[in-house]
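A single chain, nothing else alongside it, follows as structure tokens in the form predicted on its own.
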């Protein structure tokens, strides 16, 4: 029997699969899954790409895999050091091919909320705010976000607040992978242990599922790369990502 594909591994691996050859790819603050995805892609895929991270690293070769995606170790071995202004400048000039950017809520049009949950004037939760996402999501050639929880409170019909819009290309959760198609998020695939019906039940917006199927399992090199990045399972335990 093949090894079970954990929800955490599914999330990281499918983020990595959005990376393309020779592209400039960025992972931001509080972004451990995409940080691991970029490092996984460097180890598992037979192509090169430029990896930039919020710690300032450009093509880094970190000596250890840090718990924080902002750790200065992610600048070790870099060919250059970027400041926040450099990220934004590169992005607005059209030089950023792929950005991994977080979101608290995502709607079916690919808009994101990282500002507030509930009424803006009396929110239940005040979130960090747009920051780089409000600049980079609409100006990057492609942006991809993720949620560690797949539910109707995170994938919503209507956002509590629209922080950023335009440029979102994909969404990855422990349950499914979505991609932008004809201006709306469409289902690309779902976790092999789940079903289309489950994805529909747990998603707050309607979506096109034409051509969707169970996600191809991780290849041997993808699995080996993730094990090398998280040999003791620390990241997986701390992420506490579950399929259901």
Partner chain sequence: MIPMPFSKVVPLAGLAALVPDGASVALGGSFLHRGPFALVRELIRQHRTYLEIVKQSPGYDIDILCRAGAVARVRAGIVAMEGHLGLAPAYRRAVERQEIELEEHACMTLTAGLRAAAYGVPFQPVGGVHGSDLPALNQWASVPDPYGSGENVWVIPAIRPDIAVIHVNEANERGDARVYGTSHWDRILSRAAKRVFVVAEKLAPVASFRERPELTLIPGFMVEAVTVVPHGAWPGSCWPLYEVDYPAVETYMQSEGLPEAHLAAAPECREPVHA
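Computed from a prediction, not measured in an experiment: that's the story for all the values here. Residue numbers count along the first chain shown, from 1.
If you look for the form predicted in complex with its partner chain, you will not find it shown, but the lines that follow are about it.
Exactly one of the stretches 195-203, 208-216, 50-58, 182-190 approaches its partner chain in the model of the complex with heavy atoms within 4.5 Å, and it is 50-58.
Put simply, residue 92 is close to its partner chain in the model of the complex: some heavy atom of it is within 4.5 Å. Interface residue remark: residue 115 is counted as part of the site for its partner chain in the model of the complex, having a heavy atom within 4.5 Å. Among residues of the shown chain, residue 162 is one whose heavy atoms approach its partner chain to within 4.5 Å in the model of the complex. For the chain shown alone, residue 126 is a contact residue for its partner chain in the model of the complex, at least one non-hydrogen atom being within 4.5 angstroms.
Checking 154, 78, 148, 84 for any heavy atom within 4.5 Å of its partner chain in the model of the complex turns up a single hit: 84.
Contacts to its partner chain in the model of the complex (heavy atom within 4.5 Å) from stretch 222-244: 238 only.
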